[in-house]
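Just one chain follows, in the form predicted on its own, and it is written as C-alpha cells.
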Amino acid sequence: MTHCVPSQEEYVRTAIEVSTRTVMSSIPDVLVVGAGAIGAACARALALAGARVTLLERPSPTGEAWRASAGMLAAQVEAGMDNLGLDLAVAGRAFLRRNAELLLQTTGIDVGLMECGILRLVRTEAEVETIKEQVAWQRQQAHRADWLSVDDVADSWPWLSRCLGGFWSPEDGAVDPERLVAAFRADAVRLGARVVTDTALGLDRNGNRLLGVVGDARRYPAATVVVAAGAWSGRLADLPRPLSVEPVRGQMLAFPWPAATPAAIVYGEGCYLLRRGEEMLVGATVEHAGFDARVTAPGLAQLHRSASAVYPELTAMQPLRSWAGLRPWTPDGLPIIGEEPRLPGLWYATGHGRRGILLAGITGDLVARGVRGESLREELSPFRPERFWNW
C-alpha cells in the first residue's frame, strides 16, 4: 500500500489553480470540527483542493493532544513488524519533510523540523533479539534502520547511561507541534478557510441526510462534515454509530538541555528525551484518566525516574515546567479515517493516539482526496470507521 505525498511543484500548481477559481466550486462546503493538528491539516488540504472550508475551534482548547506532544516523527522507531501503521507513518513523515519549507514560504512559520534521527535504547537481553529482528524486517522493506552495539551508542551518545545497544532510525526526527498547528491554520486561512470559535454539540441531520453541525452558539450548515475533534470526537451527539475514541492523558516535563551536548532524540523505557531550543523535553505518560488534563505528582515522578534512567544527570535536577494533554486512542491503535457508510458526507479523521503530529499532513491529504471524490478504498481500508461497532 502506497500513500502518495504531493510534491512542492504539485502544491504550487494546485495553489495557483485555487487562486483563480471563482467562489462557486464543484466541491461542497466543508465544516471541520476540531482545530488541532488533524483538523487544521484537513482544513488546509480541503481549502487547497478548492473547497469553501469552515474550521470550528473549541473556545477552551485546554487538553488538546498536540499540547502534550513533542512532535515526534517516529515513523520507524515506534513501528511494529507490520505494514499497516508503518506505511501511513512513513508517508506522514515524508509529507512533513517535503512541506516544511513550503509552509515557511507561504506562512512565514518555521515548523522546527529536526532531521537528526532517533535512537531507541535497549536494556534487556530479550529486547535485543526483538529489536534486531525489527531492524532486519524494516531493512527488508527498504527502510533505513541499524542496530548499534554498546560501543557504538557510547561513542556517539556518551552522556547516556549504559545499555545493551540501540535501534537507530536516521530518517526519523521531530517538528515543533505548536508551530506546525499554527502553520497549517495560517495556510488554510490564506487559502480561504474561515476559523470560527464555538463548541460543536452534535450533528445536524434529517434521518440519513447530513445538514451540518449544531454548535453551542448556532447551527452550521454544510454538505460535508469532517470530525477531527480528537479525544472529544465521540462526544458529538447524533453520530450514526458509537465512535471508539477514548482520551489517554500524557504528562510531560522540561529540563535545561545539558551544555555542550549536541541535539538528539532518544527513546528509553517508558519515556523519550529531545532538545527543543534550550530545553530537554521529556515525555510522556500513558494514563486512562478520562478527560482530566491536569498533571499529577505520581505521574510526573514516574516520568522523572524513567528519564533519569536514560540520562542519569536528571536525577538531581528539578524540572522547569510540566504540562499534559489528552490523546485520542482507538482499541486497535490505528486512526479512524474515512467516510461514514451510514451517513454520506460525514468523514472521520480522529483516533491518531500519540501520532497525531506525524500523521496530520497525510491525513488531511487523504481526507481532501476522498471528499473530492477520489477512490481510496485500498489506502483507507485499515482505518475505515465501520471496523468498530459494525452492527
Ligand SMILES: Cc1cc2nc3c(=O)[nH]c(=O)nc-3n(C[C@H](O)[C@H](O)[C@H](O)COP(=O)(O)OP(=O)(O)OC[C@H]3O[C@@H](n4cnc5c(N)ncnc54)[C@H](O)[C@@H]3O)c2cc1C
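Don't overthink the numbering: it's just position in the shown sequence, from 1. Since we're looking at a predicted model, the values are computed, not measured.
A second form of this protein, the form predicted in complex with the named molecule, is not displayed here; the remarks below concern that form.
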(request) Could you confirm whether Glu57 comes within 4.5 Å of the named molecule in the predicted complex, counting heavy atoms only? (result) yes
(request) Indicate whether the named molecule has at least one heavy atom within 4.5 Å of a heavy atom of Phe184 in the predicted complex. (result) no
(request) Answer yes if any heavy atom of Phe167 is within 4.5 Å of a heavy atom of the named molecule in the predicted complex; otherwise answer no. (result) no
(request) Evaluate Gly71 for contact with the named molecule in the predicted complex, applying a 4.5 angstroms cut-off between non-hydrogen atoms, and reply yes or no. (result) yes
(message) Only one of Ala47, Ile336, Ala65, Leu366 gets a heavy atom within 4.5 Å of the named molecule in the predicted complex. Which one?
(response) Ala65
(message) Can you tell me which of 221-229, 150-158, 187-195, 134-142 lies within 4.5 Å of the named molecule in the predicted complex, counting heavy atoms only?
(response) 221-229
(request) Decide if the three candidate residues Ala100, Cys271 and Ser322 all line the named molecule in the predicted complex, where lining means a heavy atom within 4.5 Å. (result) no
(request) Let me know which residues along 33-56 have a heavy atom within 4.5 Å of the named molecule in the predicted complex, or say none if there are none. (result) Val33, Gly34, Ala35, Gly36, Ala37, Ile38, Gly39, Leu56
